[in-house]
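Starting off, we have a lone chain in the form predicted alone, written out as structure tokens.
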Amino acid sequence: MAEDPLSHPALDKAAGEEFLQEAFQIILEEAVRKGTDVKEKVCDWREPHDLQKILDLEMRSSGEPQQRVLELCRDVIHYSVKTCHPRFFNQLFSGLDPHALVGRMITETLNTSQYTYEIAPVFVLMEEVVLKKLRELIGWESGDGIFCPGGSLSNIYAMNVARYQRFPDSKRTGIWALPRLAVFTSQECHYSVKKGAAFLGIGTDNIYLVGVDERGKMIPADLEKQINKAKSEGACPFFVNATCGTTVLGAFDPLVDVADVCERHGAWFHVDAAWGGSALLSRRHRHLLRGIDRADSVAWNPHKMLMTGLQCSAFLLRDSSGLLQRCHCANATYLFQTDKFYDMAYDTGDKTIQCGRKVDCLKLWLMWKANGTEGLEKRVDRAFEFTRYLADEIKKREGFQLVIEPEFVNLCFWFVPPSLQGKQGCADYWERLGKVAPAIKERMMKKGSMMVGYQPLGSKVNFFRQVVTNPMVTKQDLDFFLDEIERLGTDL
């Protein structure tokens, strides 16, 4: 009689554990040790067609030997950009916190979905504790919230909840029964505001862009002007988005004055603090967000400055009436049965538009447990100190020019090569200067020495935006950064 294959597990547990042990060693050696070693490259650049050949991405009908799979793991790590490297300055996130990494590993291993207490009891309780702590830092004694898949979704949630709060029947009747809705945000806001208006059917034509001053901060008087203009055009001003830490310049909108305007016009006041929210942890720098306690909602991404790892984004509400739940709930009876044996208030899944929801609270909670609020505060203060150091060094060096004096940790500057120094009066000066940053970026990536971003902004031609959030960075790394920019750009 043939053996019944269903009588035995289909996976070899011993072989699986052996593979995991070897794979974890590769992760530790290649991604953690080498990935944070200043002597190693930030990236080993390959053109797409060359990388396709190296990686052997084809998925075949038969499985491949374990050693080959482990080799592939090494290749994947080797040819990926090392965002934990002390000389990676390209994004608003960088670095590696070991406690947060362990939290991510446990999250992946347990592989649960955070929608009901019955399947994620520890994380339902943990998430509320973490969200409460974040709300307290904002200055709210009560409220609500949820972890979202990124700051963009947090901003879109805010827009959706604001619309529901103003027009609760819209959840049932749709946009057809609504007046023309108007959204207000600064010219320097994150592009997710535009995407949110399109996604929610509000329309990008109904976004009123508010002027900014020379530092990129929203001008409250122009906000008032734009709201009055929208009203005169028959629109309903329902949502104002202020930004704390704009993506490029790192500007903080004047929240107190913006809140005053919102109150006068009855508009929902949302603060996109995805980038700048972590300054709330610093007693020296939290003044940048003065007035955030008057917001109706806040987006905050600990995966940026706090280094929890992607992704960790909190959508926070001052409301404690259940508005978030009422806005998004669908009451699926196969998840949210009304006759459960425990308190259904702990089933938080209907607060979001998702069904399955990854656990994003553990990595932040574990990191906070290990470092404490004081340790995280030091991390934030260190980032500010490094930005100040770099700004002062730039002022000492010929050929380096600040775009704007930094108030946050975004350091924006031009490198002017010798061929352009003293030629600001030439007709093609700015056109030629705009080509310098892309050329240097290409050289540094192909060399693998470091990574930093660049962009134009309004009438300003391409300039570098350097961001330091990684506690592994030292003054020597920043000195190297400036020296390397000069080395790579001197002959341009």
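Keep in mind it's a predicted model, so treat the numbers as computed, not measured. One rule holds for the numbers: they count along the sequence shown, beginning at 1.
Although not depicted, the form predicted in complex with a further copy of the same chain is the subject of the following passage.
Of the listed positions (E393, E118, D213, E263), a single one reaches within 4.5 angstroms of a further copy of the same chain by any non-hydrogen atom in the model of the complex, namely E118. Residue K358 is the only one of K225, K358, R284, R397 with a heavy atom lying within 4.5 Å of a further copy of the same chain in the model of the complex.
Residues N111, I156 and L366 are all found to lie within 4.5 Å of a further copy of the same chain in the model of the complex, as judged by heavy atom distances. In the model of the complex, at least one heavy atom of D4 sits within 4.5 Å of a heavy atom of a further copy of the same chain.
Of the heavy atoms in R33, some are within 4.5 Å of a further copy of the same chain in the model of the complex. Using a 4.5 angstroms limit between non-hydrogen atoms, S449 is distant from a further copy of the same chain in the model of the complex. Contact check for K217: no non-hydrogen atom falls within 4.5 Å of a further copy of the same chain in the model of the complex. Annotated contact segment (heavy atom within 4.5 Å of a further copy of the same chain in the model of the complex): 77-85, selected among 289-297, 77-85, 226-234, 398-406. Taking a further copy of the same chain as it sits in the model of the complex, the stretch 155-188 comes within 4.5 angstroms of it through a non-hydrogen atom at I156, Y157, N160, R163, S170, K171, R172, T173, G174, I175, W176, L178, P179, R180, L181.
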